[in-house]
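In the block that follows, a single chain appears as structure tokens, in the form predicted alone.
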């Protein structure tokens, strides 16, 4: 069915979710988090900044998603010698690891009990804080390695199994410390941070016009989501209105990214359950999609497709026809594979009840994105906080209630079919205007936020501009921050050999979470 995009042709505000900024004192910082928790506001991210060169102190920020708005709460910390602020992990457990990362990078502490380092891994001296203004990011520092104090578990028949941080194949590094009794997992503790790249410091050496290229590389499988979030933040600061055709092409690229990842995951999940045929078929479908990307967008993986003011590559009539033919061939193949997965006793025996994340646990711990939707939590920015062009399309909200591997598989199947529907709509009557408009330099010292629903969940960029078209600070947030701790709960009562399957059903980003 064709879609009428005539309404979309009219000038509109920058295609982004509105943002409000609230400045609070120390007591209000804590009270605001408590109030938001009681009102069921969703916690998005937390970060800090060194502003001693500007007004003599530090700042701590938290972003919350409330109806129709992203609320950025800002607290100025005057004590530059021993900066601290009240922790909010009691209200939002996902904030704990972010607070620990801020302590590693900026030396801003909290009153939370867990003060262990998170990102440093001995890569720089404990007294050095890389995101402070007086630190040279290009300098090499001595490595100071020390044992990490995992939480011990004692009792009859209890023993530990250490997995990682180095894994087989191309899997990124992460350490998983299992405590088991017999075959059952009693406790899992993760230690991540091994892929920390100093992205926030790298942003400070980039220009506003080029920052999207670094954003696209925060987590390579979410390049479109991150680069769109960055451009949305910059465009909101400059009140830039992208051409309608560019917005449609951005959304098409975002759904292509969702399709590629869901197809790859479904194949890998079949393989992890001993069904290599699933891996073969879904790998074929993903490869066909990536080859079509070359024709339609100029690259297999769309690292540099979304640019400030629009997109870098236009859609030709031949490319449009190629994509529509691809969707027509892909949909029956995916539906057929879904029937095979659903009816395969061996697969369902591995999928069902494995890695169950109950809805109450998911809500309490702040699950977001695909993982949340598989545990009965209805949340998708394309639906509940739609931005252009999704506000004209009424995307279907996909929710499963099982909370296990089987539910996360079903969410992927449903989202593939919905993405195919949306992609056809994007290509039905695409606007014929330009693909890019110029973006002026943003005023120095202002903060903009971009928020996009990537294939994993909400991807956010908080961009603070610097002088002469530079970047003073840019915080990139991947939804894996919220969802990694949930695996520690989903594995409980399962056996250690099921961990690869459960972990793959979440398929969280190491690189995006480590930053």
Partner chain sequence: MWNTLSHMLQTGLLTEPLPAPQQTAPALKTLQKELLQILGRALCIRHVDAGSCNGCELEIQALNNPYYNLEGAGIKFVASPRHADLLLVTGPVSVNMEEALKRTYNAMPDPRFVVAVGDCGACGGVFGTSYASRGGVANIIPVNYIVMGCPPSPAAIISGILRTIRPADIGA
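Positions refer to the first chain, counted from 1. None of these values were measured; they are calculated from a predicted model.
Quick note: we don't show the form predicted together with the partner chain, though the next part is all about it.
If you check the partner chain in the predicted bound form, you find a heavy atom from every one of 221, 287 and 300 within 4.5 Å. Only one segment in the set 312-320, 154-162, 87-95, 134-142 has residues whose heavy atoms sit within 4.5 Å of the partner chain in the predicted bound form; it is 134-142. Just one of 202, 434, 295, 397 comes within 4.5 Å of the partner chain in the predicted bound form, counting any heavy atom, and that one is 202. Residue-level contacts in the predicted bound form: of 444, 361, 280, 239, one residue has a heavy atom within 4.5 Å of the partner chain, and it is 280. By the criterion of a heavy atom within 4.5 Å, residue 368 is excluded from the residues contacting the partner chain in the predicted bound form. Although the partner is absent from this view, residue 274 stays clear of the partner chain in the predicted bound form, with no non-hydrogen atom inside 4.5 angstroms. In the predicted bound form, no heavy atom of residue 440 sits within 4.5 Å of the partner chain. Remark: residue 340 counts among the residues lining the partner chain in the predicted bound form, judged by a heavy atom distance of 4.5 Å or less. For the stretch 184-209, the set of residues having any non-hydrogen atom within 4.5 angstroms of the partner chain in the predicted bound form comprises 193, 194, 195, 196, 197, 198, 199, 201, 202, in sequence order.
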